[in-house]
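Just one chain follows, in the form predicted on its own, and it is written as structure tokens.
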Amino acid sequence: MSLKGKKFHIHTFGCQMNENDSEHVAGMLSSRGAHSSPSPELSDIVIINTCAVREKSEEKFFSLLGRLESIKKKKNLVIGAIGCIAQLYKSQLRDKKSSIDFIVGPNNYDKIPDIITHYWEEKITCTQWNRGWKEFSPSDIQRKNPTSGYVTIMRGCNNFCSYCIVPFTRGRERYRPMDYIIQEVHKLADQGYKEIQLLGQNVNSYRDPSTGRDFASLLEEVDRIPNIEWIRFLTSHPKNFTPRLAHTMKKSRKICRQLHLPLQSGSTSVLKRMNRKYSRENYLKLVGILKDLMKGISLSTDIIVGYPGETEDEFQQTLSLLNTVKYTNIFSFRYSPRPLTPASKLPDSVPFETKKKRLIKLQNEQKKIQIEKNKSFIGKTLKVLCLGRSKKDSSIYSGRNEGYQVVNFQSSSDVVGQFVPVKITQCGPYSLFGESVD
């Protein structure tokens, strides 16, 4: 199949790293003459970039696959599954009854254009592991956002948290050469990007393959690049967030006073069972250091409720920590066992209804915290990076402040892609609302 003139659609599940991977794949296909399409119905090729971190992501994938199978019965549609589910369930997806035509794991995205080109109605699977770094050309990236750009600095994870499937689907840590990272950021700056987000499963463990320079050194180099005004990074693991990294954030003019610092549980005993390698006390000490160094720093986190054996007292410790730290935002989930992980071999001892109640209680507590925090911004003027129009109301602009909070606002002029001073007039639990200040 020649890619020239073909239409492709990529549906992405999962995190920012998956989003960035999809941008790379779209760029590679476009460089071979294919064109992006807004929907599967209008496409010749549909690629599903999958996530296996949560059971719900798997359910969404198979639901979408069912819809694509119906389309395939009516037209000649090539379907590809890439990403974590492709790596994890390659044998099942390769089944003759499956409507999937090609299966590609996270280490082999560079092969996708050739796989589609040589597709002759025979299933192709490409899920080999690679130890070294595979560099994609920065020119082969079809970015969705012209203002804020993702820059991958590493892939894989060596932590083996007991509930997490990432080391089994993404492999061991592989670090991108620092020179390539700096070159990509320079190119984004030249293209007018105002913000970059450095991505990795655990950015704190980054080491330049040739020099051994650490993540703090990389941040210092990126901080020197002209025209980039905001720098963000995720995800950071609390166990190796060093004092040097905290001080690098403090002295930088560009690194946002915002940090995603996954907690998972506020109970030391649960954290030990999760193999997180820090305690409640360690985590709170780190938060204290960050808040002392950077007044008003915005913190977000991930929390799992109902981990095997979690008692009511252990859950209450999580609620207590939530109210101590007062996060700007959280991502919270019910525990679901993931294949291959040590936790999946434990009895899933917390009843589903108990997990559900705990999650609702956690989210309600966080909602109160966010309302209280957001009310404190009313009457203040914030610097906001406008990322586009609101999806709910095209007459309203939408962006994020330094704390990564959604800010919807009115403006008399077109301010997309610009930093805008916005006076906050209203708020809800999940966003701020205001007016641009001329």
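Numbers follow the displayed sequence, beginning with 1. In this text, all values refer to a predicted model and were calculated from it rather than measured experimentally.
What follows is about the form predicted in complex with a small molecule, which we do not show.
K.L.:
Report whether the minimum heavy atom distance between S336 and the small molecule in the predicted complex is within 4.5 Å.
P.N.:
Although the small molecule is absent here, S336 would touch it in the predicted complex, with heavy atoms inside 4.5 Å.
K.L.:
Just to confirm, E229 within 4.5 Å of the small molecule in the predicted complex by heavy atoms?
P.N.:
Contact check for E229: no, nothing within 4.5 Å of the small molecule in the predicted complex.
K.L.:
Should Q264 be counted as a contact of the small molecule in the predicted complex, where contact means heavy atoms within 4.5 Å?
P.N.:
Contact check for Q264: yes, within 4.5 Å of the small molecule in the predicted complex.
K.L.:
Residue-level contact is defined here as any heavy atom of the residue lying within 4.5 Å of the small molecule in the predicted complex; does C164 satisfy this criterion?
P.N.:
Flag for C164 set to yes.
K.L.:
Would all three of R257, Q370 and R400 be in contact with the small molecule in the predicted complex, where contact means some heavy atom lies within 4.5 Å?
P.N.:
Judged in the predicted complex, none of R257, Q370 and R400 sits within 4.5 Å of the small molecule.
K.L.:
Please determine, with the chain shown alone, which of 209-217, 298-306, 248-256, 184-192 has non-hydrogen atoms within 4.5 Å of the small molecule in the predicted complex.
P.N.:
Careful reading of the contacts points to 298-306.
K.L.:
Give me the residue from S148, S205, T328, Q201 that has a heavy atom within 4.5 Å of the small molecule in the predicted complex.
P.N.:
None of the other options qualify; the answer is Q201.
K.L.:
So which of Q366, T235, T127, Q317 gets a non-hydrogen atom within 4.5 Å of the small molecule in the predicted complex?
P.N.:
Of the listed residues, the single hit is T235.
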